[in-house]
Each structure stands twice: as structure tokens, then as C-alpha cells.
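Listed next as C-alpha cells is one chain, alone, in the form predicted on its own.
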Amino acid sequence: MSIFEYNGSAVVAMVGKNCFAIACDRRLGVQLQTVATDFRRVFKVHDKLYIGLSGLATDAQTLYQKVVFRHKLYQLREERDMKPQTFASLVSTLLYEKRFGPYFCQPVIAGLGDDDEPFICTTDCLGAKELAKDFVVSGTASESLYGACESMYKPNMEPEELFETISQALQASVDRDCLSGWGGYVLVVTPTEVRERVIKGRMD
């Protein structure tokens, strides 16, 4: 079993009309044994920027602490929040620095940039960025997430429709992966508000 699959995970981000959604499952396992059913993989950087970290849970929490530290230093120096594109480069650099003993994480970054333009991207554990205009996925359920998102996604969705689409895609995908699941957290971010919901799923 790959070290990336040790805890199990599913993270997905999707773009809508001047908004984005980012979602993750709630299971924390040790291989096939479930340890917790309320584990968070999506973290807030600032009001319009979120990061989801799939992979090894301990490395995910360490990496989150490091990026928050770097972002706070940036805020002190620049007196403004970091743009999503800048933050993606920061995460990429942070991962590449440790390329000979990497963090076993695959980050998903989602944020609203200038003119509330949604930005999403993902990187591998060495910091190689992959940008997308529609959706990005990561984790042990990524293969089924690709299929579900390809079939369900359509451009310029309003926040409520985007929530419905990303929730259905996440639920359909984690049902096909025994290492992730147990419901999910979904965040829908618009220029004016952040809606966070917990969705229930199969408890097996």
C-alpha cells in the first residue's frame, strides 16, 4: 500500500460563476481500520482562500501549519492577503524544498482572485502545479472523482447548483473507494459569504 493511501482521503474543488466549492470526506483511517469519522482535510487560509490536503494526515497538518505561518509573515510584510496564484506558488516552493524527503500530501488550492475570479489548482507531493478551469481532484478516490466530475460539471453554475453538483460527485465517488467516505464537508465560497455544510453519507 502506498503511503498516500495509508489514511485514505478524497478532496475536490470546483469552479462556478464568480464562486468556487471545495469538499472533502470525513474518514480518517489506518489502512482499512476507521479511526475517526469527523476528520477535516480542508483548511482556511483567509476568507477567500482555502487549501485541501489529501495524503498522509500527519504531514497534512504539519504542512498546513507551515503555510499558515508563511501567510501570516506575508500579511505582516505586505499588509494584505495573498492572492491564490501567489499562494499556489508558495505551496509549490515549500514542497519542492523538501523534495528529497517530501511531505506525503497532494494539496488542492481554491480561492477568489482579482475581480472575484475563481482560481483552482493542485500539486503533487514535489510541488508540480496543475491548473484547471473546471475542477481538480486529489486523494485515494481521485479516479472515481474524475469520472463523476467529468459527467456532472457544467460551466457558470450558481452557488446552490454548484453545492449540489460537488456534493453528488463526492458522494458517488467515495462510495466506490473503501479508504474514504463517511460523509463530507462542503464549502461554497462567494465574494460575499462562505457557506459550510456537512453532508451525510454511507457509514461503512
Partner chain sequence: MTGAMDLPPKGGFSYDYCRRNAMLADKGLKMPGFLKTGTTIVGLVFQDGVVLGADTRATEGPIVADKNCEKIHFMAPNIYCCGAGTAADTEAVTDMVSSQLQLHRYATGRESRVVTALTLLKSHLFSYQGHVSAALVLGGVDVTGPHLHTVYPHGSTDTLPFATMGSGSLAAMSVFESQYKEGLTREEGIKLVADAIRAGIFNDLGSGSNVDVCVITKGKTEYLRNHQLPNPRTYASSKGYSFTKGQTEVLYTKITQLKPKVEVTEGDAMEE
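Positions refer to the first chain, counted from 1. Worth saying up front: this structure is predicted, and the values here are computed from it rather than measured.
FYI, the form predicted together with the partner chain isn't displayed, but the following is about it.
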{"query": "4.5 angstroms heavy atom contact with the partner chain in the predicted bound form for residue 76", "finding": "no"}
{"query": "The partner chain contact at residue 38 in the predicted bound form, heavy atom, 4.5 Å", "finding": "no"}
{"query": "The partner chain contact in the predicted bound form: residue 114, any heavy atom under 4.5 Å", "finding": "no"}
{"query": "Residue contact check: residue 34 to the partner chain in the predicted bound form, 4.5 Å heavy atom", "finding": "no"}
{"query": "Contacts with the partner chain in the predicted bound form, stretch 149 to 165 (heavy atom within 4.5 Å)", "finding": "150, 151, 152, 154, 160, 163, 164, 165"}
